[in-house]
Structure formats: structure tokens, C-alpha cells
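Next comes just one chain, in C-alpha cells: the form predicted alone.
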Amino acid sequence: MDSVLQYLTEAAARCPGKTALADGQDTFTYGELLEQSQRVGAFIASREQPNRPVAVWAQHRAAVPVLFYGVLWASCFYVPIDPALPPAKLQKLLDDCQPSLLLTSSPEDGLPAGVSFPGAVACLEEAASQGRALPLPCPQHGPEQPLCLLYTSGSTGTPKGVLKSHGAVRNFIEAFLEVFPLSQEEVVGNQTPFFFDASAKDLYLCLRLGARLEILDGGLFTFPVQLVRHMNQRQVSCICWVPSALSLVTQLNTFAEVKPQYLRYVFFVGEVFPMKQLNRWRAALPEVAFVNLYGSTEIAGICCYYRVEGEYGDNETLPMGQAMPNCQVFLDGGGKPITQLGTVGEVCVCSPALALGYYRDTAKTAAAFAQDGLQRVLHTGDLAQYREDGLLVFAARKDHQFKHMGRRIEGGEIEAAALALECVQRCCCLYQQEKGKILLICQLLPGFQATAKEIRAALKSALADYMVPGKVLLVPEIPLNANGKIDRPALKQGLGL
């Protein structure tokens, strides 16, 4: 059986009274999670055919995973909806996946004005009360049974939904625990919103282990001292956050006042972790394991990992690491595998954990998921190269590369050099094609008074001449998307680029 619901039934049988989900207000034990999700599943099954999409209004609350699992009990697949989506983009998403049912965690939640949705809307309380209380049999899901449909976080254009299966998620979870033997005693501190793919790691690892998922209030990240104190109160032992969230803790000198007391693992994923901030975390918590994870929305979980060992200077870059045991990872150079050191190629992945494809878009699926004999190969769009020890090092996104003065440049190299400066909190490198100019936008740390001229002068000593930005622009704040990554389209729009 490949259903992830087997994780839930086994955990509920082992430890029915143990807390499964908590968010500071609501708490669900494993027994309650099983009962409530089955009731929701019975409600859905009474009105939906199997294999249908069910939209879920995905606030950062403990009730939302209950709805997710309820959808799975009905042999449907869930579509997490970002509540902060602009109405126009929300409409495009709904038009693309065409659900006939939207679930919310509270009766007060619902679609904003101006969004057309002909289907039904039901909250958790309504669905659970109308669903029959009799235990449901665990659905006999095959490995390709759809589990969830996740939309990429781009701010413009047509939504692109990635459809993932039960078999892919289970394959990843088992491989992850083979590498990182976490226990049922873990308390996982969840930062990632439930409408982003990285949150599935937290959800299904906890379900598999019978561990507790502690959903951290997003407001705490504005006050890192309170955040760490809350983590200590809740005995959080494991986190997997985006580097921007981790960086905020050290940028505001939090560890001078309070340190995590129970933390054992710090995983980070989604973007490059500025080395100067990682070094501060490691110096403050020398007994904690720090692990760089690399993956793609088109993969359930990750495909590469690197346990941070040894010393790294503030200007150095961590490797993506080695392949997970369930993945084969290689570099492609125009149809030929790349093996030599220092040569940049596209990261490609073969794995049972690959997504099923892009929802209702066979052309995009065929372009990204090539068929090589009996196996599928994902072309990630990320560029990397091998270093001397055989580990992969990220170079850039294909769409973030540009050619300047006859040379191919990765904007990430310029950003890494800027982030190594003490005064820079975050930055973004853009290329103005029509002007032939490299533009670096910087947000300074509070209390620093550096000028654009001083930053550019510092970069001259760290970068080759052809990579030095033609212009450095200081802004009060660089916009971030809901997952804490830099929102490049919003930044360009705000600057009129």
C-alpha cells in the first residue's frame, strides 16, 4: 500500500493520546487527527468522485492538515490555496484546477470579493459534523495516486501546478529517514506555509514518526527573541526553514539574549544561506547538526543534501552535496552528461519521488520530464558544477544567468559577495539588458549607514572587474514572498524596471 494515510493509522494506533499538531491555540492528538480527518473524508466522499481536486484555504493553522488528510481519505487530492493571493491570480488558479469544493478551517474564512467560484464552501466544523463517525478503511492507493497539487510561487503569468503522488512522497520520506534517523520524540518547528511544497516534509515526516508538528506563528519571526523563547517553551528539536528566516535571527543578534535549548537539527532549503549568518548559527550552537538541502518543486522533498562540516569563510559557498539514496543526480550539458570539474551544466534527477507532472499541461510536462528508456528524467532548470571532492555546487538558475561584456555571469555570485559584507541584510542582482548594466539592489541591516558607493567599492575587491555592478541601489526593504524568498517580480515592479 502506498497511501500516506497508513502513516496516520499506524501513529494513531501507537500513540492515540500524543499531540500530533499544535499552533499555540489549537491542538490535535493523533487519535483526534485520525477521527476528525476521517469525518472530513466521509463528508467529501459523499459529494465528490475520487481523484478530484479539492481546494483548501491554507492558513498557518493546526486545523489545515486535518483538512488535507480528510481529502486523502476521500481518495481525492488537495490544492492548498494561499489566502494572500491577489484576486486575479486566485481566479487563474481556480480556473486552472477547477475544484468543485473549497474547505476552510473556520466559518469566517472564504474567497474574497470578485472571485468567481461556482462550487461549495465548507469549514472544518461543518464537514466533521456531517461526516459519519464510522471508521473508514484506509484507501488502497497505488504509487501514482495523486496526493496534492501545488502551484509555483511566481507572481505573474499563468499558474503552473505540480501534481505529486502518494508513492513519491512515501519514497522521499523513507529515504530521508534512512539518512537522518529522527525519532518519534522530535518536535518539528514548522515555518513553511502549507501552500509551499517544502511544508510537506514537515507534515509527512511527523506523520511517519508519530512526532509533534509545532506550527510557529508567522508573527514571531518579526521578534526573534520571542520566537526562540517560544521554541524553548515548546521544546522544538528540529527545524527546516528558508535561509532568510534563519538569517533574521542572527542579524538581530538574538543569540546574545537567548539560545535554542532543545534544537538538534537545523535543515535549510530553498535558497543560498549567506555564509556569515550560517557561521553565526554554528558558533552559537556548536552541538547542533546543520544540513543544506536541495530540491525542486517537481520532486517530492529533496534530491541532495550536505551536512555542514569544517570551517567556511564568509565569502565561501556551501555545496548542494550528494544525492539522496532514492535519487540519481547528474549534470547535463546539451544532451551529454558532464563529469569534469568546473564545467557548469543543468541539474537533472531520476527518482521514484518525481512529481507526476504539470496539471493538465502535457507540453510543459514533456519538456521538463524527459523519458530516457524506462526512467523519467527531470530537468530542473538549475545550473551546478562538481567541486574537487565530487560534490555538486549550485551555480545559478538558468533564467538568472546573463551575458555581460562577452562573459556568462551568475547573478548569485554577485549576491553572495554582497551578503558577505557586514552591512547588507539582503540583496538582489538584476541585469538591465537594454542598458547592458548590472544592477544590485541592497537592503541594509538596521543601524548601518553604508552608502551605495561604499558597497560598490567593497565589491571591487571581491569580484572580477566585469562582475562589479554598474549601479548599487539602496532600498528600505526588499519584498519577500510568503515563503520568505525574494519576490523578484514585485521588486522589479516596485522599481519600475
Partner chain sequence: MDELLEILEEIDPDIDYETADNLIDGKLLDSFSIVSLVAEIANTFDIEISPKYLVPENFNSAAAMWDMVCRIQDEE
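Positions refer to the first chain, counted from 1. Rigid core (definition): largest C-alpha set, two forms, superposition within 1.5 Å. Keep in mind it's a predicted model, so treat the numbers as computed, not measured.
The next section is about a form of this same protein that is not shown, the form predicted together with its partner chain.
**Q** With the partner left out of view, is Q91 within 4.5 angstroms of its partner chain in the predicted complex by any non-hydrogen atom?
**A** Result no; Q91 lies far from its partner chain in the predicted complex.
**Q** Considering non-hydrogen atoms and a 4.5 Å limit, does its partner chain approach R47 in the predicted complex?
**A** Heavy-atom contact with its partner chain at 4.5 Å: absent for R47.
**Q** State yes or no: in the predicted complex, is some non-hydrogen atom of N292 no more than 4.5 angstroms from a non-hydrogen atom of its partner chain?
**A** Looking in the predicted complex, residue contacts with its partner chain do not include N292, since no heavy atom lies within 4.5 Å.
**Q** May I ask you to check whether T339 falls inside a 4.5 Å heavy atom distance of its partner chain in the predicted complex?
**A** No.
**Q** To verify the annotation, which of these, E422, D372, E174, E257, has a non-hydrogen atom within 4.5 Å of its partner chain in the predicted complex?
**A** If I apply the 4.5 Å criterion carefully, the residue I get is E257.
**Q** Which pick from L252, A284, V344, V272 sits with a heavy atom within 4.5 Å of its partner chain in the predicted complex?
**A** Of the candidates L252, A284, V344, V272, L252 is the one lying within 4.5 Å of its partner chain in the predicted complex.
**Q** Spell it out for me: taking its partner chain in the predicted complex, does every residue among Q98, R132 and Y359 have a heavy atom no farther than 4.5 Å from it?
**A** No, none of the three is in contact.
**Q** Please name which of the stretches 448-456, 36-44, 49-57, 63-71 has residues with heavy atoms lying within 4.5 Å of its partner chain in the predicted complex.
**A** Result of the contact check: 448-456.
**Q** Within 218-249, which residues come within 4.5 Å of its partner chain in the predicted complex, counting heavy atoms only?
**A** Heavy-atom contacts to its partner chain in the predicted complex: F221, T222, F223, V225, Q226, S244, A245, L248.
**Q** Aligning on the core only, does the CA of C15 end up 2 angstroms or more away between this form and the one not shown?
**A** No.
**Q** For M467, is the CA shift between this form and the one not shown at least 2 Å following rigid-core superposition?
**A** Yes: M467 shifts by at least 2 Å between this form and the one not shown.
**Q** Taking the rigid core as the frame, does R456 move its C-alpha by 2 Å or more between this form and the one not shown?
**A** Superposed on the core, R456 moves its C-alpha 2 Å or more between this form and the one not shown.
**Q** How does the C-alpha distance between Y294 and I438 change in the predicted complex compared with the present structure, closer or farther, given a change of 3 angstroms or more?
**A** Relative to the displayed form, Y294 and I438 draw closer in the predicted complex - a change of at least 3 Å between their C-alphas.
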